[in-house]
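Following this are structure 1 and structure 2, which are two forms of one protein chain, each written alone as structure tokens.
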Structure 1
């Protein structure tokens, strides 16, 4: 008996495809169009081919911002991933304390990005901020507005405070999904806590860790609002990342052609590095 296939259900998905096309594909095609033209006004445009791409790739601002961006994203991953795993391992699994810890961990994620920057801007001030005032009273010369290292550390600590909760919650969900029979077998074999973590918990968390690494890399590589509110990219260009450089080019200088080429290069860098992360982690799973 032949099975009757009814594809009418695809009509239910059509609104989603139209929404994605309107919100993602059409703006992307507009950016591609701008990246190959020299635009003077709405009616005066000249096709320039790949000239803007060549100019952007030779632009020292891109090189400097890209270096700062990679260093920042690497520091974020090296701190937040182990810290999130450690927090998830110490969180209770049952009772009221488990619910309380989940609520507390979710609070930083609910704060808007511009509010996070404002909080740390006030918190780090040497005259009225608790952090800045305390550090200066302890004899440490701290001023994120004029000292490059202080600005870097403040932006990094701010990001760790804001987003480590995401990694911890993802790892916590991965730990809670591990069947209890694995722990029972470990107790029978008298396995140490390190052995349980190394051979049971960590392998079972690999899928959520992949999600955590991907999300935190992409988000940290596109960071804009928090450092812009906190330091404005300063002192000098010390905390000027790729997104801020792109904004200055597109909005401040109104160079739409170079800015469009810059944004596409930016997008391809994120796509390439994310693909490398995904390939490396999934390949290690297959070799186990």
Structure 2
């Protein structure tokens, strides 16, 4: 759609701008402020320039949790995106079953995040949880609170349980937008189901898939509440992700400077990756 140039449209955007700026720019400036000062109390503070930045870029604790964070996000994307597509392809297209599936799939998305953690905490326990109890009965020693591998798998399965539906629902709505004519033409050409997927369904899902990848990357990269409730970051530091390390630093140990400095680095990483996705997305919107 070609739009009219009209700078008066700013008046319509102004409320949004003011509201978001109030909650975004002021706190962000506070964070920037922290990151260049050494703060002892309200009145004793020193300007330290870029010292905190130099320090956090060498801090092994932060590097470890950043590394874990990248591995976690990569695992999440690698599992959830293909699984979500597969589920979307199997969903019925109309009728009562379609709405039943939609509602069931949306349920995990609407559960408060700490309750998601609680559900899996209960579900995975060896004494009172169905999952932990069954696995142990089958002869697998499973304990997410003491075994690193089990903790990782549990956190991952929990995330898959929680968020795959979002990918599936996004893809499902992309698939619904394909006219039947395309499928009829494919049938006349005797296209295999793989060819139908590769050359009809996948291209049509491209824009929603980009949204899905972007949302999943951002949210999995910022994950805090669910692993915090489920494992508390343990065993050891095995499931302590970046948000949790930073919160511990800022609120627990009151190391405001380094926490703020690394928060900004963190934000920049998310921003950079998301900008790449966003550019790709608007680009594909244009080519539609």
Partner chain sequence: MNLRKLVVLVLYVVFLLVPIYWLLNMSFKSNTEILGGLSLWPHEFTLRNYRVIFTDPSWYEGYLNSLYYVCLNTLISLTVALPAAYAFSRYRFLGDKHLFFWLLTNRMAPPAVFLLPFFQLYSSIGLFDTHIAVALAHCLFNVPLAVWILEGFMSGVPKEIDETAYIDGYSFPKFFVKIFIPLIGSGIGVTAFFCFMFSWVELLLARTLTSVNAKPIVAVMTRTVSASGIDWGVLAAAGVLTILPGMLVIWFVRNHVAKGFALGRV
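Positions refer to the first chain, counted from 1. Just so you know, these numbers come straight off a predicted model, no measurement behind them. C-alpha atoms forming the largest set that superposes within 1.5 Å between two forms make up the rigid core.
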(Q) I want to make sure I have the labels right. Is the form predicted alone structure 1, or is it structure 2? (A) 1
Q: Classify residue 18 as shifted (yes) or not shifted (no) between structures 1 and 2, where shifted means its C-alpha moves by 2 Å or more with the rigid core superposed.
A: no
(Q) Using the rigid core as the reference frame, would you say residue 267 shifts its C-alpha by 2 Å or more between structures 1 and 2? (A) no
**Q.** Core-aligned Cα shift of residue 277 between structures 1 and 2, given in Å
**A.** 4.2
